[in-house]
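Single chain ahead, by itself, as structure tokens, in the form predicted alone.
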């Protein structure tokens, strides 16, 4: 007799190299990403070991090269995830994703999704039909991890690549070609998880595989709910600039200042509808700084000018690891004594624009966090 309550796993495809096909001779390694549908990929995977009490719902969210991932694609993905999270029959979710922006999507999901159901992301460094393709194995590994998480009733977001399980908040792509392209602060070898009895979560000992906590930061970002994000497909505009040797004060940052000043002079408000398309007003800027979050002195005046125009500035480091305990590089200005430093322990910017903050997140993750912060602040003051 068939059970009245069927448990499901949702598989979501977004394209990427794992869905790529070779272009020309396969040995040259040239391919087009996002060519295969998730239905075709799933149909070609053998030996996944689907538990008999699980049904699988497969959905194509988008079919792109992940370098082209946009807020609109995230909006579609989040809508699918909201539906899956709300369905009591769904026990877990598996997402295939391109590796270029996988760490950004993983971070976004770790900040927005509830931790009551497991979500596992995976991808590939080689096209699906390449002789040394890693996509099939990564997909099977991700499936094995997801089933273990379900068996242990463990939620949260994780990334599975090259035989390792990474926490979504700290994972980064660190190599452009290697199959072992991803690193994180606390990866777990896949073998450790799959060899442990699924009924003995205490056998993990160190607790590395406990439900991952959302990444905390020195600046208390305000986070919107998933429903709030889905209600605002247009995110606040946040840009990223880099501090580097030889950076010119009259470069990108000054151009942003001039753009904002020009818009103010023209009186173009948020509701204005000019005949030609224009960028949304700049709300935030992330500075990818050097070392411990320092930045070139030539950027001081342009950054202060942006803050005086209501732009929230977040100072980060372009160095991947070692941010713990750092407080950044202060950004005081002789004419702006209220802007004391990049480190704050209060959310004084939560409902007011402007100000400089230090973040231990990577620049691309800080951009996401800041955009969400500004979206939530906008909601709070609406």
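The shown structure was predicted, so the numbers you read here are calculated from the model rather than taken from an experiment. Positions refer to the first chain, counted from 1.
Keep in mind that the form predicted together with aspartic acid is missing from the display, and what follows is about it.
query = Is the gap between residue 16 and aspartic acid in the predicted complex 4.5 Å or less for some heavy atom pair?
reply = Output for residue 16 is yes: heavy atoms within 4.5 Å of aspartic acid.
message = Does any part of residue 285 reach within 4.5 Å of aspartic acid in the predicted complex? Heavy atoms only, please.
response = Output for residue 285 is no: heavy atoms all beyond 4.5 Å of aspartic acid.
ask   = Hey, in the predicted complex, does residue 35 get a heavy atom within 4.5 angstroms of aspartic acid?
value = Residue-level check for residue 35: no, no contact with aspartic acid.
ask   = Does aspartic acid come within 4.5 Å of any heavy atom of residue 67 in the predicted complex?
value = Yes - in the predicted complex, heavy atoms of residue 67 and aspartic acid come within 4.5 Å of each other.
key: Contacting member of 169, 156, 289, 98, with respect to aspartic acid in the predicted complex [4.5 Å, heavy atom]   = Only one option qualifies, and that one is 98.
key: Candidate from 253, 106, 160, 125 lying within 4.5 Å of aspartic acid in the predicted complex - any heavy atom   = When aspartic acid is considered in the predicted complex, the option within 4.5 Å is 125.
Listed range touching aspartic acid, judged in the predicted complex by heavy atoms within 4.5 Å, from 117-125, 227-235, 79-87, 258-266 = Stretch 117-125 is the one.
task = Residue by residue through 238-257, tell me which have a non-hydrogen atom within 4.5 angstroms of aspartic acid in the predicted complex.
result = Contacting residues: none.
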